[in-house]
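Only one chain is included here, represented as structure tokens and corresponding to the form predicted alone.
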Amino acid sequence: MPEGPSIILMKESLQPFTGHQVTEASGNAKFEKEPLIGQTLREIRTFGKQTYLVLDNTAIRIHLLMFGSYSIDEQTKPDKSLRLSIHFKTGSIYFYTCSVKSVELEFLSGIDWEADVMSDIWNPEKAEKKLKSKPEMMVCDALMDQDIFSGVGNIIKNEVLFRIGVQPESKIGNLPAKKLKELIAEARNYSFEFLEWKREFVLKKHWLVHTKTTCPKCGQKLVKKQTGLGKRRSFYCEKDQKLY
């Protein structure tokens, strides 16, 4: 599943279409495409792993899920995978194997944009308050909670927890105040580093524990385990990461 930084890169790729009018729309997403024709793409907004194409009278929400993708100017996958294609005089956008929904513009005002770790208005104090309200939550689940850390995915989770020396099954309420603040700060810091590495096609070279077998600090074998309510893969070192 693409994480927040990858969605920022998608936004940058789609940005040239803003200000242009839709001339044609199709695809097997379950909403009427005809009303899109004639509307202008006013803005592209991202919220964590979601992208919103904001038009005159509606917004299209794109979530790439686990295997979604997109292409520009050329359809690269078969019609059965094509959820939505939007055409402009200047080119076309295609979205495949993803969730595509039409939402009212008012829906956007109900989003907590301050929860997006890559947003200019990211609010770490609000994240801390949300975390403190869930003391029994494991840190692995907390980092993946899109209401708290919108945009954080499994890669960021594993790398952040290694950086701050915390095991994924630690409880939020057991973390010292300093560690809680480190968790919040590093979720944002690593996300921006992820973005730059992804932009330079060197992301995997910088992974310290994600999908790895040996701890880069002590050389001990890493634990690979499905953790938390989501049962997502965690990679961690029992020596260099403390269980709180």
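The structure presented is a predicted model; accordingly, all values stated were derived computationally and were not measured. The numbering used is simple: start at 1 and walk along the sequence shown.
Not on display, but discussed next: the form predicted in complex with the DNA.
Every member of the trio His63, Arg83 and Gly153 reaches the DNA in the predicted complex with some non-hydrogen atom inside 4.5 Å. Although the partner is absent here, His210 lies within 4.5 Å of the DNA in the predicted complex, judged by heavy atoms.
Contact annotation: Gln146 falls within 4.5 Å of the DNA in the predicted complex, judged by heavy atom distances. By the criterion of a heavy atom within 4.5 Å, Gln75 is excluded from the residues contacting the DNA in the predicted complex.
Contact check for Ser119: no non-hydrogen atom falls within 4.5 Å of the DNA in the predicted complex.
Considering the DNA in the predicted complex, the lone stretch of 37 to 45, 55 to 63, 172 to 180, 214 to 222 in range is 55 to 63 [heavy atom distance within 4.5 Å].
Contacts between 2 to 19 and the DNA, taken as any heavy atom within 4.5 Å in the predicted complex, involve Pro2, Glu3.
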